[in-house]
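As structure tokens, one chain now follows by itself in the form predicted on its own.
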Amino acid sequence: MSFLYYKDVIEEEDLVMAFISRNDIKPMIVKSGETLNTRYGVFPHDLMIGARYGEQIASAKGYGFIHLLQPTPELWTLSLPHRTQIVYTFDSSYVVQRLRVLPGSRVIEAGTGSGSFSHAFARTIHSNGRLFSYEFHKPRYEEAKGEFECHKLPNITLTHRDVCTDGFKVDGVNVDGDAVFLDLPAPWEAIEHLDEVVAKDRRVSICCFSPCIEQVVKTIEALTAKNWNGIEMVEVSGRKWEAHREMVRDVDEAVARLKDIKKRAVAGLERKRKLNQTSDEFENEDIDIQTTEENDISHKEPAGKGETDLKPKSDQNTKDRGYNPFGKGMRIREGDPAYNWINVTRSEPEVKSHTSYLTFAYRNQ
């Protein structure tokens, strides 16, 4: 199964993204006779072969279930083994748009890392484009190369090299790149080598991904020295919005709630007073019981702690007191037609993305 194409039916040796939960997505190669073990049960691969992508299958004993999803760069980003800090979809989608990457584009990527962004680039440029990716760390290079081959991404040319010192040239290949993405600790050292590999007959765009503002300053200086134009720095923030319904409350209801609260407060104080009074009476009775038992031939055992003749507790907490926003009383399902509702939204307070600075520029040849 390739990231470049879609298919309906799962076959043996296909890559499948097993959606176990929102925080647990497991990529796997389907092989006859093997199994996937999860906390929700055991799922034989034989049940997956012949199933359709997107289908839900039950475990061998029928207790749990998972969904079998098509591999996509977004799902791969969430599930891949992290060898380095990765570029998340919040940033990668924006970078692809700003760099004007299209099917057929020739992209230069320095800093392959875990290969997250490489998959997004490969899908966008498709089979008639070419991604030239560079990784200086030998173990990461070898792992990424194996994944690209397994995921059937022939439009990626992966090179083991430190581009900051050795440049971007590939033997026997005219790179002719029209989009550049540098995810490097010192991108300014690589910028001076770009002239020999970028296109000479069309617009070229560049983006440098840097976590520190000091890196951005040096990058801008290097871009300016090499006559790159339209330099701009961007920081991408992602925020999720939650839509739900909220009950419409009027003044009469608010007054009724205040009266109910006051009534329950008075009832609680009265109950506490009676409980204290009963407790004092019980202590006096206990003294009389002990005196009587000393002269009682049967020597009956006194009642255990808490075995009093108190009246049963009031059942006011178990009564259905109607809708209560403080959690007591009857629970009302959101959207209940017996009440009035309005649609509202609420944003997620935290930004769940890697915060880095994106420095863009372009050059017309």
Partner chain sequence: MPGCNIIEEGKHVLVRLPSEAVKVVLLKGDSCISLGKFGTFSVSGVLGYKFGQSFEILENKLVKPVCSLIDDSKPLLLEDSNTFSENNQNLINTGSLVQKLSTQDIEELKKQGKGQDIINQIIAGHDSFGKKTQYSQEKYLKRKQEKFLRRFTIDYLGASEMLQYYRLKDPQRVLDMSNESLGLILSYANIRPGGNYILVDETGGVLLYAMLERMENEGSILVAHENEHPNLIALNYSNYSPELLEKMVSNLNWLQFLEADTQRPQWNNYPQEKIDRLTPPRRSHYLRKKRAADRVNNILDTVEQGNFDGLIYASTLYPPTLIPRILDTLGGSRPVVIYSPFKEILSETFHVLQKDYRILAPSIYETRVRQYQTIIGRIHPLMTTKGGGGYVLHATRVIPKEGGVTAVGRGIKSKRLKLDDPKVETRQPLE
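What you see is a predicted model, and the numbers here were worked out from it, not measured in a lab. Residue numbers count along the first chain shown, from 1. If you superpose the two forms and keep the largest set of C-alpha atoms that fall within 1.5 Å, you have the rigid core.
Just so you know, the form predicted in complex with its partner chain exists too; it's not on screen, but the next bit is about it.
Exercise. Spell out, yes or no, whether the shortest heavy atom distance between H151 and its partner chain in the predicted complex is within 4.5 Å.
Key: No, no contact at 4.5 Å.
Quiz item: Taking heavy atoms only, is P44 within 4.5 angstroms of its partner chain in the predicted complex?
Solution: Looking in the predicted complex, residue contacts with its partner chain do not include P44, since no heavy atom lies within 4.5 Å.
Quiz prompt | Distance check, R130 to its partner chain in the predicted complex, heavy atom within 4.5 Å | solution = Answer no; every heavy atom of R130 is more than 4.5 Å from its partner chain in the predicted complex.
Quiz prompt | Contact flag, H67 vs its partner chain in the predicted complex, heavy atom cut 4.5 Å | solution = Judged by the heavy-atom cut-off of 4.5 Å, H67 is in contact with its partner chain in the predicted complex.
Practice problem: Pick the stretch from 229 to 237, 260 to 268, 153 to 161, 132 to 140 whose residues have a heavy atom within 4.5 Å of its partner chain in the predicted complex. | Solution: Within 4.5 Å of the partner lies stretch 229 to 237.
Quiz item: Check S93, G104 and N364: does every one of them have a heavy atom within 4.5 Å of its partner chain in the predicted complex?
Solution: Yes, the whole candidate spot contacts its partner chain.
Quiz item: Which one, K169, H126, R249, R83, lies within 4.5 Å of its partner chain in the predicted complex by heavy atoms?
Solution: Selected residue: H126.
Quiz item: Relative to its partner chain in the predicted complex, which residues of 23 to 55 have a heavy atom no more than 4.5 Å away?
Solution: Contacting residues: N23, R39, Y40, R52, Y53, G54, E55.
Practice problem: Determine whether the C-alpha of G33 shifts by 2 Å or more between this form and the one not shown once the rigid core is superposed. | Solution: Comparing forms between this form and the one not shown, the G33 CA shifts below 2 Å.
Practice problem: Classify W341 as shifted (yes) or not shifted (no) between this form and the one not shown, where shifted means its C-alpha moves by 2 Å or more with the rigid core superposed. | Solution: Yes; that C-alpha moves by at least 2 Å between this form and the one not shown.
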